[in-house]
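Encoded as structure tokens, the following chain is the form predicted on its own, with no partner shown.
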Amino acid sequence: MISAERSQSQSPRSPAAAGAPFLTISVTDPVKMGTGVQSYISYRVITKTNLPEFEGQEKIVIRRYSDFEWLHDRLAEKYKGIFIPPLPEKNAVEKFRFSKEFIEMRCQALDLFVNRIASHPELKQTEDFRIFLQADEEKMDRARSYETGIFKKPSDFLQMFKDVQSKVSDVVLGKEKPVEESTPEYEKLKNYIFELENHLAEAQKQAFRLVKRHRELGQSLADFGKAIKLLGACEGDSLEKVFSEVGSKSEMLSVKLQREADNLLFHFEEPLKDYVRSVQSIKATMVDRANAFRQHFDLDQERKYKELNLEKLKFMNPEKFSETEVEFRELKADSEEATKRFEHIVAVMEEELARFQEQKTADIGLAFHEFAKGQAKLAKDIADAWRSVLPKLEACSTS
């Protein structure tokens, strides 16, 4: 079975000191449920904790991908500004969806997802997270079917489409120019995030090629080993023994290359891929920030316009002044609230970026350390294997 162990920096599991608060979670035992198009993978989620807000010290629940998706979407809806840990992508291709490798990689990614939430100072305290970790399947189903307020009915999708279509038309016709936050600091951040995504994606692409190359070379060595053994059997005498040993070394190195390919996949390519997803999560938060800024800007502009209009009414139409003044106070309150929401997202993002940079440095550093260590060991094994047969080959060539 391919190992799916994770580093402590990626998935905090260290037992806490005696009496100290701790929360450890593991996602294990993926099992295929159902048949045909209705089939899916279930996972065992094991929670161990001494935190008083949890029900008991150990809880085991069964979850499927859509449950993880529910948790992600709930947190993204409620906690603007926080970088919600990313989920692994769906795979709609039937022949890959239930492959051993895909299932194990998804299990690893889901484990990382919940442990990142568990290590976040705010997200780990949420009611939604506790429901996910503790609720039985019936309660979990009720929570998932509960209307979150994002899309309550199909007509919401139609209205959303109409609103977007209207906005696009206004921009195209010149009726409205999109308002965007533009400060030197934020522009620098946006450029960094887009460059980071591109560089991480390219590094992950090349890591995938390394995995593929190791597997292809491993298969080639296995095929070569069989062929050279057959060749030796034809020759007989001393050549048969030497060629048999060369063939055995080839087959042994083939196994080592396949193992290193698996190691590269889980401990090098997958961490890089996970950080590509993490950057996309940051970009989603930047969209929330942009929406909050536009609402803050629009309401502030409307407030200024209403304030000027109110001053005019005070002298020109005293009767309408009182009614308009009430509307203005409501608008002013909405404007102040929108400003607070925007400023809150900005402040939270600053904290999140600091956490992200620290975690990224640790995780990517560990991934490259594992890569270099694996490559060094593989190179030594290859050199040792071929060096061990050199004297016998030299003896054959001089006889």
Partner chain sequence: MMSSTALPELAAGDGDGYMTLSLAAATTASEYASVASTFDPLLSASPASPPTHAAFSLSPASSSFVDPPSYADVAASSSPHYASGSSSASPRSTRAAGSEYAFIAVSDPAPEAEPAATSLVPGSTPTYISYLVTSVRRGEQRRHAVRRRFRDFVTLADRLAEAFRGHFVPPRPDKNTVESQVMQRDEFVAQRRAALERYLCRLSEHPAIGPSDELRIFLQAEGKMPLPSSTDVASRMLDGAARLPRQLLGEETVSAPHDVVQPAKGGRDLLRIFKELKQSLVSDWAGVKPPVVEEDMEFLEKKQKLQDWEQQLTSASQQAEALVKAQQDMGETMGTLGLALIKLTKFETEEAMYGSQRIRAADSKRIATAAVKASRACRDLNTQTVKYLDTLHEHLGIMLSVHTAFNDRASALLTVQTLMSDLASLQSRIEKLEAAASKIFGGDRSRLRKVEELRETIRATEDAKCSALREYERIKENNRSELRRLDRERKVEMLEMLKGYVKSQAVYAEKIVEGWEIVEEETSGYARRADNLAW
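Residue numbers count along the first chain shown, from 1. A quick note: this is a predicted structure, and the numbers were derived from the prediction, not measured.
Another form, the form predicted together with its partner chain, is not on view; read the next lines as being about it.
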| query | finding |
| --- | --- |
| Contact residue in the predicted complex, from L310, L239, V179, A284 (heavy atom within 4.5 Å of its partner chain) | L239 |
| Stretch from 226-234, 100-108, 74-82, 301-309 whose residues place a heavy atom within 4.5 Å of its partner chain in the predicted complex | 226-234 |
| K340: touches its partner chain in the predicted complex, heavy atom cutoff 4.5 angstroms | no |
| 4.5 angstroms heavy atom contact with its partner chain in the predicted complex for H369 | yes |
| 4.5 angstroms heavy atom contact with its partner chain in the predicted complex for T35 | no |
| is_contact(K273, its partner chain) in the predicted complex, heavy atom dist at most 4.5 Å | no |
| Contact at H199, V246 and E358 by its partner chain in the predicted complex, all three, heavy atom at most 4.5 Å | yes |
| Contact set, 198-226 vs its partner chain in the predicted complex - heavy atom within 4.5 angstroms | H199, L200, E202, A203, Q206, A207, R209, L210, R213, H214, E216, L217, S220, L221, D223, F224 |
